[in-house]
Each structure stands twice: as structure tokens, then as C-alpha cells.
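Shown below, as C-alpha cells, is a lone chain in the form predicted on its own; questions about how it binds or moves come after it.
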């Protein structure tokens, strides 16, 4: 049975986007430097949305989504290095095509497997690409990576002349536009007949097969869409990071994407988004506290998942929150705002 998801509407997506837009100058004025993490969170939320299409709606756990993120990032880096391309929209398109192609090739085999077998196949794919980026130094720059110059946005807007803070602000709203459009598209996907078919496959695969559903074809399409989202996230990540390195294809990034989705609540549409934004700041705070930040971050995430097994958005199902929501709705109707 498909349960009603909290925040599963387009208005919620727009509200999150507006809040992310309004928070940027506030954080910039109060805590300079921390506003950039909001941009990173928005970009990684795109990858997390793609991952959750596989995990929550299709029932496939991927430990290799960094493969597609890295492919999108290297599409930007290699196109700059070898052909001097700086139009970001074209670079994103290249990343999308490469990610979709890789998903088709790997997915043709991977979707025939379930559970840990699918997860390990995806992990192996990411590690093979990571090894390529590291070993083929003369092509990819190895661990030194590829430096990314300021891109041209919307085909005509050259950001080269912008200062550091000006570029970060422009790029934040640029990434936010991508996020909003992609989140709305994902909402339509998961609430379409295709999305509900994926849920049926996840909950009752045998019945879906009996009804004539080509399970592997649906899973493959879901993997391709998920890969496209991760590829776009990787392409958008490169200019703000200013450097593309093999770390973007390493298994730890795949783990982060999994953690982000679980942290926010995989059963909620907004869960991966909230999880990505929260994780980025938790990681930054932990890094400032100690060099053993992995330990602090790990304990924090485990504690959150232990006390909030449904993720951060699971708090919205508490009775106290529901009362506040009903009160707000009553006030909104009363004063018509």
C-alpha cells in the first residue's frame, strides 16, 4: 500500500527553494564562508533525489552512485582541458549523455540482480572509474585533478570577471534553479504511472510480473534516470569546487549520498533534500571541531537514526508537530495568507 508522503507536493519544493534562496545572503552576512555550503547541499540534493528514486521507489540499493557524479564532473573537466569548452549547459549535457550511457551498459546486467548483489555491482563500477581517473594521469591529471575555470552560464553570461563572493552568489542561484526544475520533474516522475509501477515492483514483484510488467526494463529506466540526476549534480559540482579529482568517484561519496537520503528520511520525497543540506553542515561543523571528524560525524548520524529511525522528516509525524501544522492551517484560512 502506498502511504501519503509528507511534503509530497510541488508547493513544498518551491518553499524549500525559496528558503534556500533567502538563507544565502543571511548566512553570508552572519557567518561568511558558510553560505557556500548551502550551494554544495543544493547540488548534492540533486544526486540524493536520483538515488532515492532507486532506493525508496524501486527497492534497489546502490553503493556506486559516485560513478555517475564523477562522470558528470569529469565531463566538465575534460571538456575544458581538451577542447576549451566553458559553456556549462553543454558540459552538463555531455555529463548526462555519458551517465545515461554508463547506466545503460552496467544496468543491462545489474538490474537482473537484487539486494547486495546489485549494490556491489554498482560499487565495483564506481571503483573501476576511480582507478581509471587515478592511474591515467596524463589524461585525467591523476590525484592532482583538473582545475576548472569560471564557466559561461546560460550560453552567454561569462562569469570570469566576477569576484569570489559575487561568483559564489550567482552560482548559488544558478544551481538553485537547476535544483528546483529537477525536483519538480522528479515529483512528476514518482507520482506518474511509471512511479507507481516502480512502487508495485518494489512491494510485490511477483504480482507485477504476473500482470505482464517487464520488471527489468522498469528498473533499468529508473537506474538511467537516477544516473542522469547524479551526472547533473557532478557537472554542477565542478565549477563551485574549482577542481575535479578522483575523490568524486570514490566509494566514500557514494556512502555520503546514501547517508543523506537516510538522514532526511527515504520514505519522504523531501527527505533526501533535507538530508543533503543537513549532512553538508554537519560534516563542516565536525571538521572544524576535530581532525577525527569522521568519528564525530558517524556518532551523530548513528544517534539521529537511532532516535529518529524515519529520518529528520519523521519528526513531522509527531503529535506535537501535527498540532502546530493544524494551528498554522487554521490561521492561514482565518487570515487568508
Partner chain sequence: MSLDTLARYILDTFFFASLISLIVSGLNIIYGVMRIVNLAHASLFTLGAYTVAWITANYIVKIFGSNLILLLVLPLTIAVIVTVLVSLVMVTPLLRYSYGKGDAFQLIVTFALLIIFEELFQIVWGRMPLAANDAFFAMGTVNLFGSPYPLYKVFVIIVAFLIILALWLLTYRTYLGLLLRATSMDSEMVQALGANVIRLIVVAIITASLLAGLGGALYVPTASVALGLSLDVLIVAFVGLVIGGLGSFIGSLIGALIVSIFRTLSIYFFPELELVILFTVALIVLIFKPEGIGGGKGW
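Numbering follows the first chain given and starts at 1. The structure displayed is predicted, hence computed values, not measured ones.
Separately, the form predicted together with the partner chain exists; it is not shown, and the next lines address it.
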**the partner chain in the predicted complex: contacting segment from 105-113, 71-79, 152-160, 166-174, heavy atom within 4.5 Å** = 105-113
**Message:** Just to be sure I understand the contacts: of 100, 183, 240, 121, which is the one whose heavy atoms reach within 4.5 angstroms of the partner chain in the predicted complex?
**Reply:** 121
**Request:** Answer with one of 36, 274, 301, 286: the residue that has a non-hydrogen atom within 4.5 Å of the partner chain in the predicted complex.
**Result:** 301
**Asked** With the cut-off set at 4.5 Å between non-hydrogen atoms, does residue 255 touch the partner chain in the predicted complex?
**Response** yes
**Message:** When the contact criterion is heavy atoms within 4.5 Å, does residue 294 count as touching the partner chain in the predicted complex?
**Reply:** yes
**Message:** Test of understanding: in the predicted complex, would residue 125 fall inside 4.5 Å of the partner chain by heavy atoms?
**Reply:** yes
**in the predicted complex, residue 61 touching the partner chain (heavy atom, 4.5 Å)** = yes
**Request:** Any residue of 135-171 with a heavy atom within 4.5 Å of the partner chain in the predicted complex counts; write them all down in order.
**Result:** 135, 136
**Item:** Direction of the Cα shift between residue 123 and residue 300 in the predicted complex, where the change is 3 Å or more
**Value:** closer
